[in-house]
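Quick setup: one chain, the form predicted on its own, written in structure tokens, and binding and motion questions come after.
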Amino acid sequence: MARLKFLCDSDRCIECNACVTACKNEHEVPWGINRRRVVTLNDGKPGERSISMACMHCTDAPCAAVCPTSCFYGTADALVLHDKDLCIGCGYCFYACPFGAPQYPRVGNFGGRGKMDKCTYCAGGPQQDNTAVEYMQYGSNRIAEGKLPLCAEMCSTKALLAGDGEIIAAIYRERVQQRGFGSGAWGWRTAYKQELTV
């Protein structure tokens, strides 16, 4: 079975926010919530990079580890989804997630902010596929229709890739080799701009 993943190529992302807009429109996400957002590092400076961020559907998801009602669950495709009928809106997942994926749908006092909302990888929820109930709670279920998440399909520069983790890793590996970075594209020296002393 495929392990579905996202990968954002920061060398291609132009911060157009088409992925954010596509997600909001496809799922009718309420105002104030962004299941996907574009983060820019070193904004306006040399070396500026933009990255499209959402739930990364972690293998050992910290949101699932801290949830007292076990509303987070994994699918056969390695997606991390949540059941809003079990969610109590405690916010533990909000604090545990390093990507800021789970969000409250409303601003207000604790208890009045509602149940958590997060990226579903366009896979809906635990209800029957492509029903009105599923759409009301989770939005479109494009995975059940054999499609990829709309955010990745709408990316004009194809910076945001979605699909089988092995396939998108191969695509990214080929891009890195074509850019001429070779095997030194990642690692300690690149990340920290330091030479290793052995």
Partner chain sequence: MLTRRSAGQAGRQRLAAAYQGLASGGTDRREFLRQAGLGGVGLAALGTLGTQVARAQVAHTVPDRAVPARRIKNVCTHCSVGCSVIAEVQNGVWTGQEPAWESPINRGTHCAKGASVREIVHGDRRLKYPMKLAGGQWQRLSWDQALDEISEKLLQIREKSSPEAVFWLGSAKFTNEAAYLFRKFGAFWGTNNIDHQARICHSTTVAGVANTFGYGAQTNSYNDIRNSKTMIVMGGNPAESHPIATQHLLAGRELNRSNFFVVDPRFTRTAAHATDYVRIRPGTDIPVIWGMLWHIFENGWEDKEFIRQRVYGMDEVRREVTKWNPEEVLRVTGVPEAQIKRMAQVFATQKPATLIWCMGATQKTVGTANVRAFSILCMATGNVGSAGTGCNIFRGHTNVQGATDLGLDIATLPAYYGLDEAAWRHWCRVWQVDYEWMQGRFASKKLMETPGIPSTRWFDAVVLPRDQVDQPSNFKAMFVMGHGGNTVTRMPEMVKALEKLDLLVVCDPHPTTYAQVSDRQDGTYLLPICTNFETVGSRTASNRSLQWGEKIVEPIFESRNDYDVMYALAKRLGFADELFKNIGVKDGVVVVEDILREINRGTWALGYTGQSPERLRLHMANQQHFDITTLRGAKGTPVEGEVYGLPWPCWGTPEMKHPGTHILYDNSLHVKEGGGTFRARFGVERNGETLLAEGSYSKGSEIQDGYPEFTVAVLKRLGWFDDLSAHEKEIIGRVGGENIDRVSWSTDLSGGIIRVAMDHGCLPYGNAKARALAWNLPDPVPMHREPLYTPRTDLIPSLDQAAVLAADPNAPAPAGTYPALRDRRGFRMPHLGLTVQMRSHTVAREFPIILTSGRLVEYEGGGEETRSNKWLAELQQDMFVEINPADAAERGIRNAQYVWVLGPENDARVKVKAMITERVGKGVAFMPFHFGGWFQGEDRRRFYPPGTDPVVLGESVNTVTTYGYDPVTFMQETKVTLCQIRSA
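Computed from a predicted structure; not experimentally measured. Positions refer to the first chain, counted from 1.
Only in words, not in the display: the form predicted in complex with its partner chain, which the text now covers.
> Contact with its partner chain in the model of the complex for residue 92, defined as at least one heavy atom pair within 4.5 Å: yes or no?
Residue-level check for residue 92: no, no contact with its partner chain.
> I'd like to check something about residue 40: if you look in the model of the complex, is any of its heavy atoms closer than or equal to 4.5 Å to a heavy atom of its partner chain?
Heavy-atom contact with its partner chain at 4.5 Å: present for residue 40.
> Does the 4.5 Å heavy atom contact test between residue 59 and its partner chain in the model of the complex come out positive?
Close contact is absent here: in the model of the complex, residue 59 is far from its partner chain, nothing within 4.5 Å, heavy atoms only.
> Answer yes if any heavy atom of residue 150 is within 4.5 Å of a heavy atom of its partner chain in the model of the complex; otherwise answer no.
Yes.
> Of 140 to 159, which residues get within 4.5 Å of its partner chain in the model of the complex if you count heavy atoms?
If the 4.5 Å heavy-atom criterion is applied to its partner chain in the model of the complex, 140 to 159 yields 142, 147, 150, 153, 154, 155, 156, 157, 158.
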